[in-house]
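Single chain ahead, by itself, as structure tokens, in the form predicted on its own.
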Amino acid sequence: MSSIRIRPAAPADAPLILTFIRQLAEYERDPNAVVMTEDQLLRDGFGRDRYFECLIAESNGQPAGFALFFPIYSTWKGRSIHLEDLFVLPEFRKQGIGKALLRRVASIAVERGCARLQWDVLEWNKLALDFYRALGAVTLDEWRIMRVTGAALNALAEPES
């Protein structure tokens, strides 16, 4: 039986976190989408103005997965947490590591008085959908994610003349 340890990520984990991010992008069929750097992770996760938090899962002392999350705010419910990524390496799956990571993030949400914990799942990822639903998560089919990036973001940010 494996020994699972969940710990907060440290600055020295930036290369490991980036490796997990790249492996997740590969799994999600978009390996070329990652432009993140270790320097960005250090600045945004461990600097003075922290944008995210990260947990590292270890199985028998070996890095096995991670959870990356950050606070959000619901105007209807108040404090909330958004789980950006939850990923377990294939060789460590089916050992309770994903559940342990999700439970820890949920515990943090409860400790901080959050009204909800939310995340996004690709519609084709049936394994993840089944996993999350078995833990009590519900799918919000009536909502759509909206996103503006790159040139469209820059154009939107420009003041009107």
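As the structure is a prediction and not an experimental result, all values here were calculated from the model. From 1 onward, residues are counted along the sequence shown.
If you look for the form predicted in complex with a further copy of the same chain, you will not find it shown, but the lines that follow are about it.
Taking the partner from elsewhere, residue 64 is found to have every heavy atom lying beyond 4.5 Å of a further copy of the same chain in the predicted bound form. Contact check for residue 132: a non-hydrogen atom falls within 4.5 Å of a further copy of the same chain in the predicted bound form. Though the partner is left out of this view, residue 115 does reach within 4.5 Å of a further copy of the same chain in the predicted bound form, counting heavy atoms only. Residue 16 falls outside the set of residues with a heavy atom inside 4.5 Å of a further copy of the same chain in the predicted bound form. Heavy atoms closer than or equal to 4.5 Å to a further copy of the same chain in the predicted bound form belong, across 12-33, to the residues 21, 25, 28, 30, 33, ordered by sequence position.
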